[in-house]
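Read the single chain below, which is given as structure tokens and is the form predicted on its own.
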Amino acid sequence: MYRVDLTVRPRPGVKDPQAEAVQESLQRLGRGGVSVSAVGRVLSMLIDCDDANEAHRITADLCDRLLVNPNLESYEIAVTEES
């Protein structure tokens, strides 16, 4: 069993209205020194497979077919073995 943490972010240069909204809220709270570059999402999954490479391959396939819009988003995959 492998734990997969998939981090999805907007691609650089893509308009990120959520990041803009968070930035505006931080400024209203008086946190002008904080700069938000992106707001994305994290998907944590458990995958039952033989090894970490297979867990990575399965996750990449899911990203390509369902979880990520490649025109607007990029992703990173982190795989760890569950004990």
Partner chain sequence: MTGPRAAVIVFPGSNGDRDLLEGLLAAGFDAFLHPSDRPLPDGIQLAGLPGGFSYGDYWRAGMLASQEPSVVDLPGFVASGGLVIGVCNGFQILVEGGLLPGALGYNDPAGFRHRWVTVEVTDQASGPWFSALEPGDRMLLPIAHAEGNWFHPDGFDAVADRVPLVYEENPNGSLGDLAALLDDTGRVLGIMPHPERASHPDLGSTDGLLLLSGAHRSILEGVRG
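Numbering follows the first chain given and starts at 1. From a predicted model like this one, the values you see are computed outputs, not experimental measurements.
One more form of this protein, predicted in complex with its partner chain, exists but is not displayed; see below.
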In the predicted bound form, the residue from I58, L26, L43, A38 with a non-hydrogen atom within 4.5 Å of its partner chain is L43
Would V22 count as touching its partner chain in the predicted bound form under a 4.5 Å heavy atom rule? no
Is V8 near its partner chain? Define near as a heavy atom within 4.5 Å, in the predicted bound form. yes
If we check its partner chain in the predicted bound form, which of the residues in 57-78 reach within 4.5 angstroms of it by a non-hydrogen atom? L66, L67, V68, N69, N71, L72, E73
